[in-house]
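We've got the same protein chain twice here, in two forms, each standing alone as structure tokens: structure 1 and structure 2.
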Structure 1
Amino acid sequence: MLAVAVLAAGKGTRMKSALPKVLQPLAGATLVERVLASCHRLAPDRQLLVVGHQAERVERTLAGIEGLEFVLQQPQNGTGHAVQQLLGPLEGFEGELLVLNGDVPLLRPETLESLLSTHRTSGAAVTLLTARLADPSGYGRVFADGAGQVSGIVEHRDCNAEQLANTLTNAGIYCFDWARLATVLPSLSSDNDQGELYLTDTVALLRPAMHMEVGDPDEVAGINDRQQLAHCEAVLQDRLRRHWMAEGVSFTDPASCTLSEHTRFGRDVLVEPQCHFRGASSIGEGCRIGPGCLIENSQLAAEVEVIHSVLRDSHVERGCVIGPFAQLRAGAHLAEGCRIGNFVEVKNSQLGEGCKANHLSYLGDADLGAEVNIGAGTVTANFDGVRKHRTVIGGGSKTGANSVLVAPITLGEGVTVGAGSTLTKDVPAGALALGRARQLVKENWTAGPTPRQQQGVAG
């Protein structure tokens, strides 16, 4: 049997944040979600999360994870104290307990698999992950012999000068034989610099204790402050870009782009510099994105082009061309071959195939048939100050420049709206609608003397 426990009760003082540390986001997922995801492949029989600081908030965030048991640690008196809280919930449990610090988010699932199999083969009471770090500051130092047997762990702040020179560090990831750990947990003492109960002290009490060194130190990077958070973000971004390049996506300037874990790309997508993908977006085959785009929770079919634009919660069908400087907001749905040009905003609107809104327009709460041409400066006036109303424009219609369509309003198919019109009433199919002041012309207006000249005032 295998149980996994993630320690997530700490405050994260060094982050200086109102958010509990384990809820800090990294490439679109929280630290603790990443840690939990890294052990999916092990298919544990039990999954426990030790919560304490802002426990309710952490529980609410993770409420959707099936089978996750929350264990409360109150007060938070160190990592050893956190694991002591499992003595009740895991009473009678037989097997291994994998303990993961909730602030070590870059672990690869394969590493955990090999930690578990190393532990099972050696029959050790505990096997912990270690790394040799060029700069080990802040980490616990692991003292081990050449055969991988660990004699103990000393926290950075409790080390003497000689111990500080040891670069073998504790990753905060341990595989314990639960029954043996349970016997030593009650004997931990808080006789250390922080006056806390350290989980690391159990290692000296368990025999044999072994360690497994990881090749890639980034995998075991712990996050205690914002600099470490930024470092891990950079590592993850690099991993994500490499992954998608291997899947057939081109980036002209990879380092300038950021991706979310949940964004998917088809083959032959070209991503130009300064593009950012967030949430669960999908970018279809052969799309060309950028430079300068933000795409969040949006679905783009194949062969879409987007330049210098912001797309959120939108659907874009094949072959649409968007931008530069367009904004698609929640509920925008463009059918095939639409063209959305500069300074055009589309919100909660459906555009039929081949619609064009090329310049300076607002389409909000609108339903457009196919091949509608929206003239420059057309605005759907959708809000009456209290409620939003819809504008319906039939297929093949054309609006002239600076048309204002005051919703609720329906224009039939093939309607033409004269430039500068403000329409407040429905227009039947095939009609021309004009809603503007008739032009007045006074001829020879500038021929005579001006009023000032008539009064004899100079100039």
Structure 2
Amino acid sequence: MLAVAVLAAGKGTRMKSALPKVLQPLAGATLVERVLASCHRLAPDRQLLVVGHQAERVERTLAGIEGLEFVLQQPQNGTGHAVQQLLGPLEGFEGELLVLNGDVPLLRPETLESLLSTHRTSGAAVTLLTARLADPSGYGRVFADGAGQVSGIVEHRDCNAEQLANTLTNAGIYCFDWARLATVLPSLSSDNDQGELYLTDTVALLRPAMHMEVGDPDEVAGINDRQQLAHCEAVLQDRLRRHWMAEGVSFTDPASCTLSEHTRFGRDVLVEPQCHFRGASSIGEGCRIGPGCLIENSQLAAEVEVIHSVLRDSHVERGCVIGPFAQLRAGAHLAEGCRIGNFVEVKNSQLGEGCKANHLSYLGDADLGAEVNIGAGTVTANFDGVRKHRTVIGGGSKTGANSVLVAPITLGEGVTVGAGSTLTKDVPAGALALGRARQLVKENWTAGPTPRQQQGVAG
């Protein structure tokens, strides 16, 4: 059997944030969610999260994760003390305990599978993950023989000159035989500079102890401050871009674009510079995105083109063209072949096939049939000050420039709205609708003298 414990009780004071460190976002998911996700392939029998600082907030955030058990560490007195809190919940448990840190979010599932396999094959009481760092300053050094058996761990401040030359460091990730660990946990001592109980001290009490060196040191990069968070974001973004380029997506300037973990792309998508994808977005085959786009929780079918625009919580069907400088908000749904042009906003509206709104318009809470043409400056006035109302425009209708449709209102099929009209009543199919003041022209009109002319100053 396998239990996974994630240590997530720390304050993270160096983050200088009201948000607990383990809830800081990284490519669309929190740090601790990423740590928990890295264990899915292991199919653990128990998942435990050790919480402390802002425990209630952490528990609320993760309440939807099935089978996750919360264990309170109060006060927070070191990593050894955190794992001591598992003695009760895991009483009688037989199997391995994998201990992870809630602020080490880049571990690959393959690495954890290898760690578990190495531990089981060796028969060790503990197997720790190690990393060889170019600059190991501040990290405990791991000393082991060629077979991977650990003879000891020496903290950086306690190393002599010869020991400091060793670049093999402790990553703080362990796989234990739980029964043997449970026998030594009560004997941990806080007789150290920090006055805390260290999980590291159990390695000297458990034999045999083995280590497995990780191939990519970035996998065990921890996050204690904003700079380290930015570093991990860069590493993860590079991973995501490389993955999708291998799947047939082209980025003309990869470093300028960011993705979420849940973004999905079809083949032959072209992503131009300064494009950003958030949430669970999907981009169909042959789309062209960018430059300068933000797409969040939106689904785009094949061969859609989006330029310098923002799409949130929207659906766009095949062959649509959007932008530049357009915005699709929550509930926007464009059928095939629609064209949304510059400075057009669409919110909670359904547009039929082939609709066009090319300039300076707002379509809110509207239902448009096929082949509707929206003239420049058309506005659906959907709010009466208390409630939102819908506008319905039948297929083949067209609105003139600077039209205002005051909802609730229905225009039948094939309606023509004259430019500058404000409509407040339904219009039957095939009608011409005009709703504007009659033009007044006064011929031979001469304006009176200006104030400057009245004062004798030439105009």
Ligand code: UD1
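Quick note, the numbers are simply positions in structure 1, starting from 1. Throughout, rigid core stands for the largest set of C-alpha atoms superposing within 1.5 Å between the two forms. What you see is a predicted model; the values in this text were computed from it and never measured.
Here, the chain labelled structure 1 is taken from the form predicted together with the ligand. For Asp158, a C-alpha deviation of 2 angstroms or more is recorded between structure 1 and structure 2 after rigid-core alignment. Relative to the superposed core, Gly148 undergoes a Cα shift of 2 Å or more between structure 1 and structure 2.
Core-superposed comparison between structure 1 and structure 2: CA of Thr167 displaced by 2 Å or more.
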